[in-house]
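Given next are two forms of a protein chain, the same chain in both, each as structure tokens and marked structure 1 or structure 2.
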Structure 1
């Protein structure tokens, strides 16, 4: 820019943040990647370029199962969350009177700010054997014996969906209100039904926002340890849970690192798969 502000000063301003990111993010990440190629000999670490850990992930049934479970749960959660959040965002954007919209939106995302750990615990209160849902169902005479709801995949999915419906409602709402009302008016004038307007006009226009939200959901969901650990029980483990098991009892850092790299790989694939619709800069 101007000659008064030489490049060296500019670099000086960026340097602290850059050094921090290098020292505490990129170097640790590189060390972790190197660690995934190391092996354990008894309890001592042998650095090297071994693909053993990755081979173990591919061949050990319980590790393969964890990847499958993580992918299944994440896919289910992403689809259900989008399907539930879209109508909610739609109703807040187009049905709720304008002066109440902001309030409705704030109310819809307020529980987002409960502590993450506590939010999963709250679902335990609702889904436990003596919890709210079971007691309500028994009191209404619909069931005689309490259902097993907690410590199941259903509980994990419910906890996740609760969190991501709020997130997606926010992002989809932001997309819907950006649309000019003229699109809807023009479609109606040309004789489109409400559904046709949605299917051929609104949905394609909001697709980038929806895909961006869905991608965010995918990334946050597949990397989360807390929700499956609290709500899912120990019948089936997700990848983050397996990573934590390796870190804890076994202190198998190489395998934990390899699993983390696999997790990163999955996220990268998801990114590449949805890149043409993603608008990460417009969140």
Structure 2
């Protein structure tokens, strides 16, 4: 009896999370997966086990292009964010005095306190033909005519990087501050230079934080609709934009569901890859 009571107590604590996951993730995903196997007959939905929607994704150029664009933008954003976030996290962890680090972190997460839509429209104003960037370049004499920066992939990447650098900074900083100073001291005593200490000691020990932040960046970036819609316009459609087109303009719920399942599959592969790397890194 004494062993069963803790077991029942543990199940009681876990049950709310399981019920929440079942009700708001598993059941909707199952409905979406079933919908992706249905077809449209005019305006009527025909339930079945058809793979026509997935065949359309593979054979329709603009659908394949949307997947490629989403992957390209996500990869670019993830790499740039990691490259910018690591030095920022390093500076906060090792160069900012400890009594000021909390303030530095608060300043770093300020973008999270701003509405997502407001941030995107702010960047649209900054990158517009009459925006701050073009005016500064013209005033400095670097260009004679305004550059087309808004409604481009560059604008989309800029908006994403502005947000995700802060997210990655937090995950990397959390790893850096947990490192014992003795690791660096030992490496220095053994004759390692500052670069060698970073490459062979600090970087490998903080890679779990980098991988975790990169995965979060990947997931949030590839599934985002607002930033590409506002900053990228409709010049290059991403998968979330195509899904919204299918839902809002064509009412093609089966194809939208199939695209969502494909997007979920890409995220799952990214998770399995990052999880496998983290397991191998710990061996």
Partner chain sequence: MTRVLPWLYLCLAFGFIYLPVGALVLFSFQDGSLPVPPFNGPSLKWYGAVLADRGLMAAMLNSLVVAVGSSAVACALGFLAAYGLARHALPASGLLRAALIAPMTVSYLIVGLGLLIVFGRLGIGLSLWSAGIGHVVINLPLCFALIYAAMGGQQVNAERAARDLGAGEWRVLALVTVPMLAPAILAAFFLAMTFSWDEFIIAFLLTRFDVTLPVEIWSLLRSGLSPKTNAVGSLVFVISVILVLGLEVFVFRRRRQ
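Just so we're clear, the structure is a prediction, and the values are computed from it rather than from any experiment. Residue numbers count along the first chain shown, from 1. Here, rigid core means the biggest group of C-alpha atoms that superpose within 1.5 Å across both forms.
Enquirer: Pick one: which is the form predicted together with the partner chain?
Expert: Structure 1, not 2.
Enquirer: Does residue 16 show a Cα shift reaching 2 Å between structure 1 and structure 2 after rigid-core superposition?
Expert: Passes the 2 Å threshold, so yes.
Enquirer: Superpose on the rigid core, then tell me if the C-alpha of residue 46 is displaced by 2 angstroms or more between structure 1 and structure 2.
Expert: No: residue 46 shifts by under 2 Å between structure 1 and structure 2.
Enquirer: Taking the rigid core as the reference frame, tell me whether residue 26 has a CA displacement of 2 angstroms or more between structure 1 and structure 2.
Expert: Yes.
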